[in-house]
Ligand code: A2P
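The data below hold one chain only, encoded as C-alpha cells and taken in the form predicted on its own.
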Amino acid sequence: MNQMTMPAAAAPTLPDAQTVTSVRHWTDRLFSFRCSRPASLRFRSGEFVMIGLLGDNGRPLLRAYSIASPSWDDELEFYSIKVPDGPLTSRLQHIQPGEQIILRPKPVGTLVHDALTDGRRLWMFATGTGIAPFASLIRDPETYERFDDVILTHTCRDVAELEYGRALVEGVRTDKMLGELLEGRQERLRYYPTTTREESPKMGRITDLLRAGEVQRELGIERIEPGTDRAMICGSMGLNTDLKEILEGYGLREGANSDPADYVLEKAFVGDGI
C-alpha cells in the first residue's frame, strides 16, 4: 500500500480537465485518487459523474464513477478497480499526482437522500467498489440527521479488499465534526464486512446472510420493516437482483428521484467492463 501526494495543482489542458492531487493503491486490484473540484460543481452525496482520459484516437474515453467524497469536500475522491485489459482503468491505474483527468461536471444518480422517504434505519449494501457512493454518504451530516441507525455492509472476496471501508468508517468515527453526531452512540454507524473467498471473522454473501437471518440477529434487529427501514444498493447485477427480491419480500418499495420510496439501487455500473 502506498500513497502519493502533490501540494499544488497544475494548469488544466484537457477538456473539462481536473488535476490529480493524490493516489493510493490499496491492493494490486484496487486504488483511490483525489483530484481538484470544479468551482461550479454542485452534487448530492451519492451521485456519480463521468470521468476518464483521452483515448488513443484523441477522443475522451469516459466511464461513470461514483464520487466517494461528500458534497462538502473541497476535492473529489474516486475509488476504482484495476482491470488489466479495461479500456480506461488499464491506463487510469497509472495516474500520478499532477496529471490530469477529464471530468464531466454533470452529476446524476439514484443513491441519494432525496430518493428515499423518511425512516429510522438506513441500510447501505455494497460489494467491491460499490462502496464508493456510501463513502460519500456516511461522511455527510444529513445522513445522521435523517436516520438514527446507519448500517454499512461491504462484501469482498478477500480481507485486504475490505481495508478501504474499514479505514473509511474509522475516519468517520474519529472525525471531529462527524464524531459529534455519533457521540455517545457509536452504534449509529455500524459496519458489517464479509468475505466470500478468504477466511475472515464473517464469511458469506450478504444476501445469504440476510436470508438466514444472521445479519439481523448479530445486529440485534428483530425484523426489516417498511415502516422503519430504508436501503441503498450498489454492486453487481446479481446483488441488485437478489436484494431487490429480499427487500420487496419485507414489503419495501423501490424508489427514485421522482418517486421517493423505501429502497433504491444503482444500475449505472453493472457490466461496465472499465
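The numbering used is simple: start at 1 and walk along the sequence shown. Owing to the predicted nature of the structure, the values given are computational and were not obtained by experimental measurement.
One more form of this protein exists, namely the form predicted together with ligand A2P; it is left out here, but the text below deals with it.
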Which residue, Lys202, Arg157, Arg121, Arg104, has a heavy atom that falls within 4.5 Å of ligand A2P in the predicted bound form?
Arg157
Gly220, Gly249, Gly238, Gly227: which sits within 4.5 Å of ligand A2P in the predicted bound form by any heavy atom?
Gly238
Of 138-146, 167-175, 113-121, 191-199, the segment with heavy atoms within 4.5 Å of ligand A2P in the predicted bound form is residues 191-199
So in the predicted bound form, are Arg29, Thr127 and Asp242 all sitting within 4.5 Å of ligand A2P, heavy atoms only?
yes
Can Thr207 be called a contact residue for ligand A2P in the predicted bound form at 4.5 Å between heavy atoms?
yes
